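Structure 1 and structure 2 below are the same protein chain in two forms, each given by itself as structure tokens.
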Structure 1
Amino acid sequence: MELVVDTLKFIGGSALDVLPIAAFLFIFQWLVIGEKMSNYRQIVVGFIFVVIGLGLFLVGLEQTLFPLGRLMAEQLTDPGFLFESVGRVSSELTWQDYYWVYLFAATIGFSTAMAEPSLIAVSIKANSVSGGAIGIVGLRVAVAIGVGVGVSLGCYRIITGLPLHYFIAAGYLVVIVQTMTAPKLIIPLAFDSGGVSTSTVTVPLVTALGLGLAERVPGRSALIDGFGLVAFACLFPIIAVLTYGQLSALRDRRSKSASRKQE
């Protein structure tokens, strides 16, 4: 019964969030454009589905994804588990001893990015617009690798307590250098990939993982150290997609060079 009440509350909250958007669209259509919306019944039904979907999604976050991320962080940072995995009875833990955390972070970052609906949609559109030059699976895998590496490196930052801005500044320095040499076709898509990779599936799990990890590692603050993983998940897909474009361009140049030699 409590779950039903919570679900209704989330659906009601979603309706209040969506209502101003819907009202603005209808008012703009009538007063500015001066025409009635075609298929307005379908539009209304669509908004109803959006409200219900958002409500159910928020329930899923609260009931599953957030607790799952925190639970995994607690289990992987448990001193008993860590000492058993490194083969020591009692000693001070170092950042190397948390290798299971890094592996889990890379895996969850990769898998959540591959499951992102927004990334799938962008990959399909990029493949269509480029005439097949940009592969759907190749782009998704490149972004997912970037997210996995970024989340894993973000967990390393939380464990070591190093300042966030050092990593972000160094990462964007790499992006600037890559942007100067990468194919122009891939640059706008690479920067968009950083946004679409951090959406409905990735952000809840990554945020919960960061908060849970900061709460369990001694000397870390959930507020200061727990956040920031999403920034890594946004940054490193840009690097990965730019690298994907550079490697594709290099492969094309080598294939053209080989074909010329054969001729």
Structure 2
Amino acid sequence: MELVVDTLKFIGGSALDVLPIAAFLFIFQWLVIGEKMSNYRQIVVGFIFVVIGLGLFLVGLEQTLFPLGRLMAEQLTDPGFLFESVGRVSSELTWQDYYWVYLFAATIGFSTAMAEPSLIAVSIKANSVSGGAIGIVGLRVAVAIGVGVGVSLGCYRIITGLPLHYFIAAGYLVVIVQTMTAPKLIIPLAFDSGGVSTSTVTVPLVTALGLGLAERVPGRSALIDGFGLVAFACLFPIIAVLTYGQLSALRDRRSKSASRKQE
């Protein structure tokens, strides 16, 4: 019963969230373009679906994705579990002892990015625009490795409590150096891939994982240390895609000079 009331409340709330974009698109259509909408019924039905879907999604999120992220963080940092896997009590733990956390973070990051539909779409587009120079699977693997490494390293940062902006600054320094040397075609794609690879489902789970870790690891605060995993998950795909571009350019040059030698 409570769930039904909650769901209705969320659906009401999501109507308000969708209102600005709906209103503005309608007004623009009338005032600027000056055309009446022809498929009026389809659009009303579509907006009803958007509002109900958003409400359902947000309820499900609170019931599932947030608790799951927290649960995994709790269980993987549980003193009993850690004692069993490393044989030490919690006061003597060092960052290496949390290896299951890093492994979990890397697998979650890699597998969600590999399955991400919008990344698949972008890869196919990039492949056709670049005339086959950018491989579909290659790009997806590059981004997925980037997300996996990013989330894993982000967990390391939460566990050690190192300042977030050092990592971000160092990461973007690498990006800047790579941007200057990478093939030009890959650059906008690389910058966009950071945002594309973290889907609506992954973001809440990863956020909950980070907050759960920061709450459980001794000496960390959820507010100061708990956020930042999403930022890592966005930064590292950029580096991975730029590296991928540089490697393909290198391979290209090699095979060209090899074929010249043969002639």
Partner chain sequence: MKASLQALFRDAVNSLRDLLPIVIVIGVFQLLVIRQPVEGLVTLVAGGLMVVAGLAFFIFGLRLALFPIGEGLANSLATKGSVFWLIVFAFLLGFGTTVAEPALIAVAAEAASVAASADVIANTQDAIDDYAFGLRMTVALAVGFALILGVFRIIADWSLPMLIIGGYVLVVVLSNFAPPEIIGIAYDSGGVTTSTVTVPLVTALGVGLASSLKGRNPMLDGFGLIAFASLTPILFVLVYGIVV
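Computed from a predicted model, the values in this text were never measured in an experiment. FYI, numbering is relative to structure 1, first residue = 1. Basically, rigid core = biggest C-alpha set you can superpose within 1.5 Å across the two forms.
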property	result
Displayed copy of the chain that is the form predicted on its own	1
Shift of V18 between structures 1 and 2 at or above 2 Å (CA, core fit)	no
Residue shift check between structures 1 and 2, rigid core fit, K9 Cα at least 2 Å	no
Core-superposed C-alpha of G138 shifting 2 Å or more between structures 1 and 2	yes
Shift in Å of the C-alpha at S255 between structures 1 and 2 after core superposition	3.3
